[in-house]
Each structure stands twice: as structure tokens, then as C-alpha cells.
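Below you'll find only one chain, the form predicted on its own, shown as C-alpha cells.
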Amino acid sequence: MKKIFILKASKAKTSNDFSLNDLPGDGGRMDIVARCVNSAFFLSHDLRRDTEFIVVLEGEPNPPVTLRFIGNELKYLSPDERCIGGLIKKALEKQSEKETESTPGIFVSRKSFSQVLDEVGGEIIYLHEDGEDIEKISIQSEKIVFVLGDHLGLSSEDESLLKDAKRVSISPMVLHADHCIIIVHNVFDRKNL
């Protein structure tokens, strides 16, 4: 089963002029994006090859910018936030209307959140604390897409784009996005999916 995680990063910078020493401030909470990349892909001594991570950056100066990380194509990725931030900076140098590969397995485009949702395909699940328990859901698709927000969550406009998505909860508490990704992986690892 292929797992795709889509994060909407409301404040993450859309240019590469941020400091790797200040991902939370200067990067517009780019630290959240870096942590999510880490959680989406890293195992103890390997990467998850069946996973894709997509982030829609909505911060200044020129949103949106979408980055797509493909597990079975990734190279040069280390688990630390600085390394991931450096690869994101490199990707932001190459942004254009057409999706472009910046480094192996990392692609950049100017797609919006709604365009990403329209194009992704598969069974879409909106991770939300008020949803159905993830342990009780049945999966009918070979490709499952998990949508989550950053520290600001999703707006009502964003949520309206997900009106047909299944709303699923991994906890009654509001969790950090990177923790949500790890919990989802754990649930599916235990089910051997």
C-alpha cells in the first residue's frame, strides 16, 4: 500500500532566503516541514520507500509552492532538520509552474492546495481529532492519502475542499503534525499494510 501525506504549511517561506539556523522564525515554521519529512520517511537504518510526502508552502513572499518527496527516489536526505532545510532551500531555487526535480526524489511546483488534492487520487483521509478512530476504519484502496495541517490547522475554506474525505482521528488530543505521521505509520505497520 502506498501512503501519501499532504501537509498545508500556512506560514512556511516560499523563497530560499531563510537561515538554516532559524527554521522556526526566519523559515516561517519550516522546522515543522522538516520534522514531517523526517517522520514520513526515516526508519532506524533505512527509508520508507512506499511513502510520498507533499507540502504546500503558503508563506511569504509568493505562495503557493508545493514540494513533493518520493520515498523510493530520495537521495542525499539525512534525518536532521538542517539537512532537510538545505534540500528545501535548493528546491525553492528551482521553482516554476511546471513540476521540476531539484535533487533526486524532491520535486517543486507552483501548485495550490486545491490542485494537489484534485490531482493526488486515491482514498483521501483528513486527520482530525473529531474523526472516526483510525483503528476502526477499513481501507479499500492501494493508495491512501492523509491530509493534515500545521500548527495553525486548516481553514474552513481548506476543510470545504475535504468535504468528501473520510475524517479520521488518531487521538482525541490535538497532536503535532510530525507525530501524527509516525502514529499513522505505526498503525499501518502493525496491520502489515
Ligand SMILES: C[S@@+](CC[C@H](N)C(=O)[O-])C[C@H]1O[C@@H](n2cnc3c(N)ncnc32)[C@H](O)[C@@H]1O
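In this text, residue numbers run from 1 along the sequence as written. Owing to the predicted nature of the structure, the values given are computational and were not obtained by experimental measurement.
A second form of this protein, the form predicted in complex with this ligand, is not displayed here; the remarks below concern that form.
- Stretch 125 to 133 is the answer when you ask which of 23 to 31, 66 to 74, 125 to 133, 46 to 54 has residues with heavy atoms within 4.5 Å of this ligand in the predicted complex.
- Proximity of V147 to this ligand in the predicted complex falls within the 4.5 Å heavy atom cutoff.
- None of the heavy atoms of I182 is located within 4.5 Å of this ligand in the predicted complex.
- When this ligand is considered in the predicted complex, S171 lines it closely, a heavy atom lying within 4.5 Å.
- None of the heavy atoms of K11 is located within 4.5 Å of this ligand in the predicted complex.
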